[in-house]
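The data below hold one chain only, encoded as structure tokens and taken in the form predicted on its own.
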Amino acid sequence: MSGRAAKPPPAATLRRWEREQAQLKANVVEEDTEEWQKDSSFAGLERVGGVDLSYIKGDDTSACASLVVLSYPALEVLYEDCRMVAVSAPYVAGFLAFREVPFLVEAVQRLQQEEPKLKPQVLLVDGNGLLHPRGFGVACHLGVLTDLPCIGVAKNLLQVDGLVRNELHREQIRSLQREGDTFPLIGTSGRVLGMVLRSYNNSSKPLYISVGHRVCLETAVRLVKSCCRYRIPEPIRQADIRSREYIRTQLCSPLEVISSEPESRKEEAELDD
């Protein structure tokens, strides 16, 4: 999820968005609510979802919203929904949900109507949850609106509550020697906002895991790790790959495909590392 729009919204819109975030935040549950979460091997977990939006190169208003559902623990794709959407809300740091979540909620609703037996038991979201300036990132927003357990999985550190990507942070990352190694993200407030996870031996780049909704941080980290064949957990990886492939095959002329492929291939390499 990385769309950008140049024109900022009016101050009144930002205030309204802040109020809405504060109201919805009151509904976030930061602990496990499902029986499968309490089992060390996640017995009873059969379906894991992943969501993502991919944008057409050079067009900040046209995107493909993707929802996939994978079997667990085999991680085979059971369901795929890719739809082109017209994105109207501008990108503003800290308010990504207002730009993208409505389309993801619609995708979840379509799934519930068309294939209710494939409804995911948890959603992995390309973004942050509690690790957010107001403690209500895109994973929290989507979780509250769908009432599904959600986990935020970010590729980069969001610098909030005193968290900075300084030499100390880089040293902590270097201390993650094996896949599964972690360290907590503790803000100046003293609160643990998330966990840094080395998800894959062949990649020194970590993931930043945070609670979205109806899951505790320990469970979130264990589940994300169990879903990683590469650096990026498979549900998000498949949602990303399929959304960009949908754009390439359905909407782009050969010229447009060629012009955007080098960038796309680089992104796919990062997904696979």
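None of these values were measured; they are calculated from a predicted model. All residue numbers refer to positions in the sequence shown, first residue = 1.
Although not depicted, the form predicted together with the DNA is the subject of the following passage.
Chemist: Kindly indicate whether G94, R99 and G127 are, all three, within 4.5 angstroms of the DNA in the predicted bound form, using heavy atoms.
Modeler: Judged in the predicted bound form, G94, R99 and G127 all sit within 4.5 Å of the DNA.
Chemist: How about R165 - does it come within 4.5 Å of the DNA in the predicted bound form, if we only consider non-hydrogen atoms?
Modeler: It does: once the DNA is placed as it appears in the predicted bound form, R165 has a heavy atom within 4.5 Å of it.
Chemist: Even though the DNA is not shown here, does A154 get within 4.5 Å of it in the predicted bound form, heavy atoms only?
Modeler: Yes, A154 is a contact residue.
Chemist: Would you please decide whether L158 lies within 4.5 angstroms of the DNA in the predicted bound form, comparing each non-hydrogen atom pair?
Modeler: Output for L158 is yes: heavy atoms within 4.5 Å of the DNA.
Chemist: Can K57 be called a contact residue for the DNA in the predicted bound form at 4.5 Å between heavy atoms?
Modeler: Yes - in the predicted bound form, heavy atoms of K57 and the DNA come within 4.5 Å of each other.
Chemist: Please determine, with the chain shown alone, which of 86 to 94, 68 to 76, 172 to 180, 191 to 199 has non-hydrogen atoms within 4.5 Å of the DNA in the predicted bound form.
Modeler: Among the listed stretches, the partner-contacting one is 86 to 94.
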